[in-house]
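Here you'll find one protein chain in two forms, each presented separately as structure tokens under the names structure 1 and structure 2.
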Structure 1
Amino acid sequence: MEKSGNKKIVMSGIRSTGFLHLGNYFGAIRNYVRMQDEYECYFMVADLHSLTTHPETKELKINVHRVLAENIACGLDPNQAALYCQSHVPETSELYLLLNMLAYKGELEKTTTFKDKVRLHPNNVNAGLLTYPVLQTADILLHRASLVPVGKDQEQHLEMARNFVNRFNHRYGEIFPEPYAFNFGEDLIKVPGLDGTGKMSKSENQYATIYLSDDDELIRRKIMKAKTDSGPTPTNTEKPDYIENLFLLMFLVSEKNTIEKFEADFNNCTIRYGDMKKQLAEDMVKFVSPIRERAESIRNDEQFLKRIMEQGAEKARKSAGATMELVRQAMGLNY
């Protein structure tokens, strides 16, 4: 069952655990910006999720402000979409608690992100970490959203969200639509790291990740250090991973004819990776620097950010409140 009105509902979130990077932009924020005119959108900073791995809260405020400022600098319009902070919508915690009764220990333990986190932080395997996908499902269901713009790494969480929805609907009645990961009809994106392994990430892999706050020189240095080799020998060979990744990054920020030139050079074995990386670095600087500059000035305006968060939370709580009414009714929590 969809909400009344015919605009589809969109929801997504970003943790406040560090600096945003190209993966966050191309996997998520670019889609937020493209969706905000057409859909009813709720985008939030997942500060509660960040507590599952970052219990120290000294940096939390500055991180929340940075994520908000960077979202706006990328083109998100807080007057169109609701842009809010997760902990400002306490209905999140209520729905999370109720959904926890429908989530089983076995399936939670099998979640890839949980297993990764256990490996990385063996001394902090807390219950919040285990039930991370339940909290994420609560974020989405609070607005009864059906479209969730995210990168490829979130696919499993969305699959789990659909399982929880189906369990809820089966037991208590059809309240929630099934949410799906969304990327404008294309495959979900994974922006690779510059070292040829893994993906760009907020906290790991810092030299292989380009952050939206990196200055021009740092961007150039990171790209020039990216792994290459002496070039292909037979014509039209397959690209090794680390070269494929450089092309992928070029595809995101460079002009079509630039990409075509280097593709042709690769295929006829005349490519000079030094030139390719210089070109990629300049195109990347051109892409990142306006975002960085806008974000810096927005970040310094605390009053503005506070106002945006309040306005976003008000919109989000209205939608969340209506959903919780339906949930309490459906579950018989209405005496």
Structure 2
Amino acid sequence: MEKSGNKKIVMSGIRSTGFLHLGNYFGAIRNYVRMQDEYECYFMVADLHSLTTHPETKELKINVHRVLAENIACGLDPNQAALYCQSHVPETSELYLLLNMLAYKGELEKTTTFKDKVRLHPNNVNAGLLTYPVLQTADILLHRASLVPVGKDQEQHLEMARNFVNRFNHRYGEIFPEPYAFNFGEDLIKVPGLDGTGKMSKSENQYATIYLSDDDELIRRKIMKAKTDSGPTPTNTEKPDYIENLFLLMFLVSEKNTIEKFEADFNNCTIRYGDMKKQLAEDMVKFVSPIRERAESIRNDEQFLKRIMEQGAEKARKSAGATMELVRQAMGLNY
């Protein structure tokens, strides 16, 4: 069953570790901003999830504030969507506990992300790491959301969430809809790294990634170091991947006539990559600097952030409370 009302429910988690970058913006946040107009949206900062791999909590408050500030600076509106902190909604922990009774050790151990984390952190294989997909399911089901904007790497977790939904509904009655990946009707953009070897990442090669907190000079330096070559020799030749990447970045932040000019120069074998990178750097600065400045201003206003978190938690708890009432009733935990 879905909640009353015409709007479908969207739920997505935002990691509270690492700095947001251009890939996060074009791959996710820009779509979140569009979704908040058409759907009932719950966007959660996943601070409890971060404890599975980052048990040191000294930086947690700073990280949460920064992530909230950057997302609001990118256009998320706390008056439209519920923008809240996972740990501020205690119903999460209750549903997580109940769903753990429907999750089996064998299936959790087979999860790709669990196996990866065990390999990376062999001395920190905690129960939270093993049951990460169960907590993720609780986050989604608390709002009885059916639409979850996630990347390919999370699709296995969503499949597990559907299994938990079906087990719960079969055992206790139809309470939850099955959640599905949701890309808002278009392919997600994978923003390439500046080193020509993959996509931008929070943790891989930091010089190949444009962060939304980078200052203007750092953006210019990163782009000027991007891999190029001596240019094409036959006309209308195919672009190598690393040159295609520069054009894709230009497509994201530059004017149409700028892109057309450099496309024509490439096809005519007259392109000067130094000029292209200078232009791309200035267009990138023009794109990133207003977001960075807005985020800095928001981050420095702790009272505003506290109010936003309280407002988001209130919306999320109202939704979660209604769900848990149904869950307890269905399970017979209402004596």
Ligand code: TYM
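Here the structure is a predicted model, which is why all the values come from computation and not from measurement. Between two forms, the rigid core is the largest collection of C-alphas that superpose within 1.5 Å. Each residue is numbered by where it sits in the sequence of structure 1, with counting from 1.
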property	result
Structure number, where the criterion is the form predicted on its own	2
Large Cα move at residue 22 between structure 1 and structure 2, threshold 2 Å, rigid core	yes
Rigid core superposed: residue 164 CA moves 2 Å or more between structure 1 and structure 2	no
Core superposition between structure 1 and structure 2, C-alpha change of residue 59 at least 2 Å	no
Value in Å for the CA shift of residue 222 between structure 1 and structure 2, taken after the core is superposed	3.9
